[in-house]
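Before any questions on how it binds or moves, here is one chain, the form predicted on its own, in structure tokens.
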């Protein structure tokens, strides 16, 4: 009998397991893969709120030691206007963009050091139940033999297509098909000089670039999910044409470097799922999957891990029951996640800017405090509601 079984040992699951194990709980992590392994479809960026959590947990130095630099410069090129700023209200004052192979290993090693157990090669099949309450899991090992384990709570951290969520019947809401979001085409490059995190916003396009591990950079072009997509054999030519037309300065720097990986592309639907029920809860993409245009996924997973682990610990320790403790999880998660999801979904339309949007960015020019607050929406140190509140909009437009 375990206190908690975490299905999925990547960033959200490993962080949840680590935090519970550090509080003295008996934790089992199960994963179908041999960990750590890379996650190919990831933009890697951890915004400031996520970096501050890594610092709080004592893991930021280990992530940096994977030869991944802190990112302290941020620019948004709007064509005739470039906004440079830094999210306010942070401890570390930086973002970071580790490859998932590096990040997940740091978190998993920390979980194992804290006392969590790991079973790899376990294919999750279903939850075990006593009435309506989840009491464990069953699955298969690589040799085909049956595997079962029991726990007071099962944490689903198994991603967007979560089998745990399906097994417990977690209801979905705020659903958006992938065609309503963005389509991402990117690869990795060496020898490209970058000035921190660079964004280039153009009508129906967003271009991004930042450094990951070992001197490599991830550089991509985002277009609306409804737009036509290049065939695989045309991805390179499409990418270079987009950069040359929309961001010629970056295109020249990319040409001076060298691509050292395959072209990657994808689009995903967005949704929220019921966060918890009798004997179970969800963290990370299993609970909330957002359009990747704001690169919020990893930061969200780390934040959910801390919230879920805090509530699970309270429920395991008493005096409240696990059900009572987790009763507030969905509302507290959604208070942060839903506005960010809606913000990302609106951005993912990549619609040509309206006159009001143009006026807003022109009003931001020269107003460093408010530029920083705008970056804070991405860095998750300023809520979308606070930035777009009419009172704050009036403060932005008054000097302009």
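Positions refer to the first chain, counted from 1. Note that the structure is predicted; figures quoted are calculated from it, not measured.
The same protein also has a form predicted in complex with a small molecule, omitted here; what follows describes it.
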For this session: Heavy atoms, 4.5 Å, the small molecule in the predicted complex: which of 86-94, 323-331, 308-316, 154-162 makes the cut? Say which one.
Result: 154-162
For this session: Tell me, out of 345, 43, 370, 337, which residue has a non-hydrogen atom within 4.5 angstroms of the small molecule in the predicted complex.
Result: 43
Exercise. Which listed residue (100, 202, 303, 216) meets the criterion of a heavy atom within 4.5 Å of the small molecule in the predicted complex?
Worked result: 100
Exercise. With a 4.5 Å heavy atom cut-off, would you call residue 124 a contact of the small molecule in the predicted complex?
Worked result: yes
Exercise. Does residue 32 make contact with the small molecule in the predicted complex, using a 4.5 Å heavy atom cut-off?
Worked result: yes
Exercise. Might residue 280 be said to contact the small molecule in the predicted complex, defining contact as any heavy atom within 4.5 Å?
Worked result: no
Exercise. Within a 4.5 Å heavy atom cut-off, is residue 181 in contact with the small molecule in the predicted complex?
Worked result: no
